[in-house]
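To begin, one chain is listed below as structure tokens, in the form predicted alone.
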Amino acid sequence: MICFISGGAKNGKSTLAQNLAAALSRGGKRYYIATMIPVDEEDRERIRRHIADREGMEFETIECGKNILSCLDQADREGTFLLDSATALLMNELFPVERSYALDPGAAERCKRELVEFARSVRNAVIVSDYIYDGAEEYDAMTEQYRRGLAGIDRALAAVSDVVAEVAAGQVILHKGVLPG
């Protein structure tokens, strides 16, 4: 089963995703695919908080900030995967540090293609993404490219997912399917 979870920052997406992954795994292998590549202390604190939240949940963490399909080389595809998050993965791919954060124009399509292949290659996955589409502000061209790229990824993941849910103010809004467990 593939579950796609979207929502705003600090609304409960990660907690829901962890609970869904636990329900899907039924005692089997659980993998946490960590996509954030920390660049500052705020990122490192978020990572510490997420690790503490998962304590005792028996996740094996695989760090995979780019080339998402490579994480499958270290895991049993029959296990349950929690990928947190498509948002960070796109950021890493779109603005690669090895290119001095210069924009990679093919990153969004490549990331979308790889995430869909990832979802189709595993038995169970919970994939988290941030909802960044509210607001009428005008953004610079690079920010708009990032937002459009993430929107395309989110649409593609929603299309291949069995369950699509949004978390807003701690409330789960189900858009497709039935939540496991």
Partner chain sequence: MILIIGGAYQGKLTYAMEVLGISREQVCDCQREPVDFSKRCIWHMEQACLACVEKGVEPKDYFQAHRAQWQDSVLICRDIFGGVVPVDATCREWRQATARLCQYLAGEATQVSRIFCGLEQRLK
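Because the structure is a prediction, the values reported are computed rather than measured. Residue numbers count along the first chain shown, from 1.
Not pictured, yet referred to below: the form predicted together with its partner chain.
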query	finding
Any non-hydrogen atom of residue 164 within 4.5 angstroms of its partner chain in the predicted complex	yes
Close approach of residue 40 to its partner chain in the predicted complex, 4.5 Å, heavy atom	no
Contact label in the predicted complex: residue 173 to its partner chain, heavy atom within 4.5 Å	yes
Residue 155, heavy atom within 4.5 angstroms of its partner chain in the predicted complex	yes
Interface segment, criterion being heavy atoms within 4.5 Å of its partner chain in the predicted complex, picked from 30-38, 146-154, 110-118, 55-63	146-154
Residues from 4-26 in contact with its partner chain (non-hydrogen atom within 4.5 Å) in the predicted complex	4, 6
